[in-house]
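Shown next as structure tokens: one chain only, the form predicted on its own.
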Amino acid sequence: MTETGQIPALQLEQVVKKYTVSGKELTAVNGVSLTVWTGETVAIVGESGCGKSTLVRMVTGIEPVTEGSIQVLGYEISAPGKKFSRQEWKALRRKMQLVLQNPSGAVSPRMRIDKFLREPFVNWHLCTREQVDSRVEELLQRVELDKSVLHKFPHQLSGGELQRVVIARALAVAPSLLICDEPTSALDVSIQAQVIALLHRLRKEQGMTVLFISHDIALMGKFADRIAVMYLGNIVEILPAGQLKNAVHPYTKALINAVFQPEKEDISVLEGDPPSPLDMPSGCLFFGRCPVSCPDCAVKSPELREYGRDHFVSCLLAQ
């Protein structure tokens, strides 16, 4: 249990997501268990196609769960025989907000920014109509935007400005859980840093719980409290973000070593491609790319086990 709180804001128990593709079964998420405590920021990192965004779609109800259960802010949204009602979803969605990678996809190109930001206050009856304008201006101040953007259309804003607008709208309903699915990956590096710094400040001011999806493990090492590393639908390591130097799993180490640093004489690049999720091999899924594998890795599938305080690893060499 972490020091951030004793109440889980998000709890996943053996969550599985399967699809049928060309008559074959594809497992996008394979038995993921993860607890995110209230007030904590947890980052899920991994290569494209590892299943992290699929996990988000199940947590937000966009995709149904094949197996397992998900509990969000005390609501059991997915469990065998459980039917989550429309009324329950309405209550939950005010407490849980989602910020996606492409901000332009969240805003109608025909809608001015002022109308976009006014909608949550009106739809949720958060204040009187006379108070809406002042509440919208307060939102803009919190995300460090000038009120001149209110009379503009989305295409008239930069990518960073538009992402701040989307974040502002998510904050309008004072969510308890903010889910960010790679919200900075489409932005310039300088703008990425600004948005991350903004989210870091806002989550402290509001005491929000944050689930952050990213492929940038170095960035998450500075932003998150804990990091969960995914590979081919499985979580292979969970550890405190400040202890990345103590990572054990070869895949986590490969992600860290691939980070460009000017002082490094050479960059370690992870070789090979992951196996096809339509034709999973036996044993450890990382076996074919692992530089330290042993013969047992080809036949035995490692479990995620406790390695140290708040540190869990799925690797035969660590068990």
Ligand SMILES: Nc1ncnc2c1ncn2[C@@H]1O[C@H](COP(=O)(O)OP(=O)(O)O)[C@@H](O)[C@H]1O
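Owing to the predicted nature of the structure, the values given are computational and were not obtained by experimental measurement. Residues carry their position along the shown sequence, with the first being 1.
Although not depicted, the form predicted together with the named molecule is the subject of the following passage.
- The named molecule is not drawn, but in the model of the complex it has no heavy atom within 4.5 Å of Thr35.
- Using a 4.5 Å cutoff between non-hydrogen atoms, Pro250 does not count as a contact of the named molecule in the model of the complex.
- Mapping the unseen interface onto this chain, Val21 counts among the residues with a heavy atom inside 4.5 Å of the named molecule in the model of the complex.
- Using a 4.5 angstroms threshold between heavy atoms, Gly61 stays clear of the named molecule in the model of the complex.
- The stretch from 250 to 258, 22 to 30, 65 to 73, 281 to 289 that comes within 4.5 Å of the named molecule in the model of the complex, counting heavy atoms only, is 22 to 30.
- Residues Tyr19, Val21, Leu26, Ala28, Glu47, Ser48, Gly49, Cys50, Gly51, Lys52, Ser53, Thr54 are the members of 18 to 56 with a non-hydrogen atom no more than 4.5 angstroms from the named molecule in the model of the complex.
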